[in-house]
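In the block that follows, a single chain appears as structure tokens, in the form predicted on its own.
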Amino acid sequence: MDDELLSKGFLDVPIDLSLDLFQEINKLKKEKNAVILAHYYQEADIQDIADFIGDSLALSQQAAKTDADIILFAGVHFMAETAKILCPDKKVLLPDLNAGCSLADSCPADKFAEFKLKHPDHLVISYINCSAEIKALTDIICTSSNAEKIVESLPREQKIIFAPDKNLGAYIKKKTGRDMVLWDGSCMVHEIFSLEKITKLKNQYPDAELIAHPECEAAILEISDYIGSTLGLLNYSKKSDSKEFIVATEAGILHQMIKESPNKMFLAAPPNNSCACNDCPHMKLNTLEKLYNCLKYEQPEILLPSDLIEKAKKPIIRMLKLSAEFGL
């Protein structure tokens, strides 16, 4: 494939508008023994065509056990990297290489290595939303689903560096009372929610429960009725007797919430801007058209040095083993 076609970070190849992309993608999946893994924050069409939809923990578990030859990851760069780290012999594809992550970008590997040297007696727990290079500097990876249990599994006297999300780290530190040093990183989506606008929305819908992801700022978490991972929020909305919810996380999850609970109402928590909802601009770079071209031409592909894969894999495997022990 001509490198010029990938100069934008994705295959800019014209598509026959008469094609049924759902049908064509399903055909390509069978021909190539490919699996499509999609995060809850992807656009609705991508969620509907995916073989598996999940949060970071579930997607990592799925990548680790798949027997497909090709993994097409409909998510962001660090997620596709994680799949490649867990499956180095498989071809891992990402529809748009520009689908990065503001949280991962907030933790440069060189700066973090210097930070780590200042705390030599600390064990490093890194949220999975980080680069392969940060994973290679980490002792245990965690997700928002298992972070609290992973921290609690360590001896009480063990000092911890938690990276890169300061909000998730502060939430876990408060819940566990552990000695944790936090890296000063954050997610642009979860930091932009407006406390004032959410309060007004709660007044407008007094019966609505506010459910929030722990990447949100403390002020939002303090007024939340439930705090949990993306999957945790989805499961809670299904089980709760409430019929109305204000959802403080990326708006893509509302698609699954509505599908699972069509008789309930879901409102995207308002941000500090003029938008009606919160979309991750990186997640939304992936489109059904890019996914089709990506699978058809098997580009762009995620490639990582073997030594980096070896180092970054250890903390992920440690997380997966602990999660299995926890029953997650």
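In this text, all values refer to a predicted model and were calculated from it rather than measured experimentally. Position 1 is the first residue in the sequence shown; the rest follow in order.
The form predicted together with a small molecule exists for this protein as well; it is not shown, and the discussion that follows is about that form.
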Do residue 84 and the small molecule share at least one heavy atom pair within 4.5 Å in the predicted complex? no
Hey, in the predicted complex, does residue 71 get a heavy atom within 4.5 angstroms of the small molecule? no
Although the small molecule is absent from this view, report whether residue 193 comes within 4.5 Å of it in the predicted complex, heavy atoms only. no
Although the small molecule is absent from this view, report whether residue 212 comes within 4.5 Å of it in the predicted complex, heavy atoms only. no
Check for me: heavy atom within 4.5 Å of the small molecule in the predicted complex, for each of 10, 47 and 292, yes or no. no
Only one of 55-63, 293-301, 260-268, 24-32 has heavy atoms within 4.5 Å of the small molecule in the predicted complex; I'd like to know which. 55-63
